[in-house]
Structure formats: C-alpha cells, structure tokens
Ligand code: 48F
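Below you'll find only one chain, the form predicted on its own, shown as structure tokens.
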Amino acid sequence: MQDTRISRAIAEAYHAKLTDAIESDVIVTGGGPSGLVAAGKLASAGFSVTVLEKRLAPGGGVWAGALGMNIAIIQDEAVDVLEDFGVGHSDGGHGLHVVEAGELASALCMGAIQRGAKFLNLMAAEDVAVHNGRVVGVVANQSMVLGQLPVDPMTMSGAAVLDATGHDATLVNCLRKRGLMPTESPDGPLGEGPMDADAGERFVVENTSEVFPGLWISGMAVCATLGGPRMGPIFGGMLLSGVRVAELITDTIKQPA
C-alpha cells in the first residue's frame, strides 16, 4: 500500500538522521540568522553539525522584519556573508542593503543544509548536559511535548554547544538557574538593554564568545546574556556573529579528520 510506503520512507530517513545527530562535533540551538550562518560555516569546515530549532521553520526573526514588513536590512560590513550564501540585495543608502526576508531566511537554511548541517525542527532545548564543569551536550525534547506532557527528553552530545536562541538565551539561563553562571554584573542585573541599533550591532559581534566551558553564544543571545542593547530590525550583526563564533569554535575544538 502506497500510504504505508510513504510513512516508512519518512520514518526510516528521519530515524537515520536523528541517530546520527545524537553525537555531533557542534550542536547549534536556535535556527536564527547567527545559528544558521555558524552551522553553514562549521559544516563547510568539515565538522558534524546539528541544528535544533523549536519552531516549525528555521530563520528566527528574519521572516517578519519590522512590524511584519518582510524586508531585512543588512549593513555594508556583512555583505560578504550575503554573497557567500547567494543572497541578492539592493542599495538602501547610507551603507545599508535591502534584502527580501524570505530569500535571506531560505538561503541561510539551504546553505547550511547543503554544506552538511543536520536540522531537527520542532525540537527544543530543555536543558544542558554538564560533566566535570563543562557543557558537553543539549537535553532536547519535542516542542509540542515540552511543558505539556511528562515525557522524558533525550541528550545529544557535542564538543561545542552554541546558544543561538536569541532573546531567550535558553542554555545560558539553564546554567544561571543552577548558580553556574552569574545573574548580575558589577553594574547591576544582566539582561538585554534598551534599543540602540549601532551599539547593539557592535556589541553582538565583539562579545560573541565562549561564556562557560563548552558553551558559546551568538546573535541576540549575546545581548541577553551580557547586557548589550537591542538593535532592532537590522541583521548584519547577527550574520557576522555567526561567522565569528564559527571561527572561535573552529580554533578551539579538535579539527575534523
């Protein structure tokens, strides 16, 4: 019966992908722009990469733009990333470039997948796995199950784990609630600051880093973790943060064979 053949083909292919994803060189949590760029760059370098995205479609906030107007703005400094992923753009004046949001999100997804990254959508990060003071994996569950039913999660391991979960900074906050990372700085409580697009873009790229052994942050998770300002509907800093974190991880973990 054709219906069951279709179901079997889906189940077998997904099972093979899920089994392969249980152990990766890098786990990227969050399929927004910084996570997608990082995944594509790391996969191109030969690392095995798994992307966990809690929503149905990766792309993060790129799809909507400001007020749901599906246009993305990228500054001059990030044009090389657009061209690397084959994204068209037009001159928006004042060092800004206009991009169709759907094209940007789709191109980043396709680029990461075609370069070898594995995607598991509708898969949410529930917790982190920590051994000997180092993050060694992500505890994941199906998004529609998490918080709704008493279903146990599963753990996926990685030599490097990237928190690219945006404003939520999900993995960082898993460590904070256990007292493993600080919740305050000398200047007061940590957390995302008010809007300042220029400062926010700089802050994201400059502070992309390893914030706990084995755990890196990129994109808006940088601001949410370290108190940087929001930058609003401009995405160049997100792209450049993805490039930067891929470089940092590549320099830190064992080179692939």
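Everything numeric here is computed off the predicted structure, so don't read it as measured data. Throughout, we count residues from 1 along the sequence that is shown.
The next section is about a form of this same protein that is not shown, the form predicted in complex with the ligand.
- Residue 32 belongs to the set of residues with a heavy atom inside 4.5 Å of the ligand in the predicted bound form.
- A residue is said to contact a partner when one of its heavy atoms sits within 4.5 Å of a partner heavy atom; residue 214 fails this definition for the ligand in the predicted bound form, lying far away.
- In the predicted bound form, the ligand lies farther than 4.5 Å from every heavy atom of residue 191.
- When contacts are judged by a 4.5 Å heavy atom cut-off, residue 46 does not count as touching the ligand in the predicted bound form.
- The stretch in contact with the ligand in the predicted bound form, judged by heavy atoms within 4.5 Å, is 168-176, chosen from 147-155, 82-90, 98-106, 168-176.
- The partner is absent here, but in the predicted bound form a heavy atom of 124, alone among 135, 112, 78, 124, sits within 4.5 Å of the ligand.
- When the ligand is considered in the predicted bound form, only one residue from 205, 224, 62, 26 comes within 4.5 Å through any heavy atom, namely 62.
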